[in-house]
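This document starts with one chain, in the form predicted alone, laid out as structure tokens.
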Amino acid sequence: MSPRYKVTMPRMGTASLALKTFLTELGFDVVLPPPITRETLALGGRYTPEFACLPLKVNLGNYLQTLPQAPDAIFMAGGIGPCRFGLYGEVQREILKSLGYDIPLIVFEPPKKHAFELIDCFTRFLGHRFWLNLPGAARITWEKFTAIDRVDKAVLARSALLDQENRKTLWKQRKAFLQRLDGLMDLGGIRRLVKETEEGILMLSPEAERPSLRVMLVGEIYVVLEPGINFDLEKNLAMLGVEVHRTIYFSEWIWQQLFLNFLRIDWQRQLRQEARPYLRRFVGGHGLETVAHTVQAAREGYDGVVQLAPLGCMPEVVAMSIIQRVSREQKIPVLSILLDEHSAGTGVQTRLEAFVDLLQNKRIKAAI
């Protein structure tokens, strides 16, 4: 049966690949926006307030680039709490209306408080038959999320041990993996691809037994996971010989938000304990996690921490002031990078290289 509705959604790193599968398996015809470029940023920024968060501008740019293909609806995630993310849906809906696009914008709010709204939404578009497709769609989507995160962790762990040529080969393998994964719709094929990719990663002979530097990557989820916004920061750090420990993976985020929160399991308790000397309350977004993981990085002997945040992001601005104190007291270097539509890849890369030099010099002095 052909899909009844054509839908679109904003891009968000590799998560878009899995979410596209989920909506397709449910019965939608999914049209993804083109990869995020300066044009996307310029288009979204043209119609949003200057002080708006960067993800809002990028999302709007995504929609405007896709609307010529006449989607029947737009899907986007929502949020609750102090972060302004919870207002994005209404703001974007009004902006699109002012531009003459009266198109349904469906906001998926956290299921802990809005589970029945999510069910009503799918029923309204697909009828009650969506229940028949839901188990299979959820299973294949979860398999893709976990496959992506498993390979990403293997790539980040291996990259720092290789010479420069093998690092290039490694990241080409990751790109090929994602391209092949996009077309797979069966569990067996996904698992075989993951096994084949992991074997290919292990075939690249390491140059060193351990990484020269370890850095923890923290911050707001969107700018951490979307390479079109952070200028491939994760890859560029890895190409500098740094082992990157990213603290946000989408499969883990889904497990926490869709399952643990729905079951009212307090998965943030350990994070609050880590952050408690410096932060005692939830501040929205990933602010608490940023502080907690910075304390954790210092305790576990990481060489440094890189924080990514959209300019003006309230939770991350709060966290930024706190982790500077953590940096001073725990003697761990911290690099905070604020991103907006005026950020340039060359500037970010220069700051990364200077930060890595600082970490290397610190390691050398400690060894003397």
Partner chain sequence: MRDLYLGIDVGSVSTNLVVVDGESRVTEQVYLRTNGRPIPTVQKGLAMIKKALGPHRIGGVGTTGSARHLIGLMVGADLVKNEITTHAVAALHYRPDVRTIIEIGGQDSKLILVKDGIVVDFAMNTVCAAGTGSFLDQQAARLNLSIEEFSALALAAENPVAIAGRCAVFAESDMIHKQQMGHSLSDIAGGLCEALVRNYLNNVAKGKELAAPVIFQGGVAANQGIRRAFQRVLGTEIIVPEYFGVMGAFGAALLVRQMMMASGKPSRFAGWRLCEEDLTTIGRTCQDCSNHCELVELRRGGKFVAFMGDRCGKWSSLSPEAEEAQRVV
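Just so we're clear, the structure is a prediction, and the values are computed from it rather than from any experiment. Numbering follows the first chain given and starts at 1.
Another form exists, predicted in complex with its partner chain; not displayed. Remarks below refer to it.
- prompt: Taking heavy atoms and a 4.5 Å cut-off, does Lys6 contact its partner chain in the model of the complex?
  reply: Outside the cut-off, so no.
- request: Indicate whether its partner chain has at least one heavy atom within 4.5 Å of a heavy atom of Glu39 in the model of the complex.
  value: It does: once its partner chain is placed as it appears in the model of the complex, Glu39 has a heavy atom within 4.5 Å of it.
message: Whether Arg214 contacts its partner chain in the model of the complex should be assessed with a 4.5 Å heavy atom distance threshold; does it?
response: It does not: once its partner chain is placed as it appears in the model of the complex, Arg214 has no heavy atom within 4.5 Å of it.
message: Taking its partner chain as it sits in the model of the complex, is Asp232 in contact with it (heavy atom to heavy atom, 4.5 Å or less)?
response: Although its partner chain is absent here, Asp232 would touch it in the model of the complex, with heavy atoms inside 4.5 Å.
- prompt: Want to guess which of 161-169, 182-190, 261-269, 283-291 is within 4.5 Å of its partner chain in the model of the complex, heavy atoms only?
  reply: Of the stretches listed, the one contacting the partner is 161-169.
Whether Pro35, Lys175 and Glu353 all lie within 4.5 angstroms of its partner chain in the model of the complex by heavy atom: Every residue of the spot touches its partner chain in the model of the complex.
- request: Select from 351-368 the residues with a non-hydrogen atom within 4.5 Å of its partner chain in the model of the complex and write them out in sequence order.
  value: If the 4.5 Å heavy-atom criterion is applied to its partner chain in the model of the complex, 351-368 yields Arg351, Glu353, Ala354, Phe355, Asp357, Leu358, Asn361, Lys362, Lys365.
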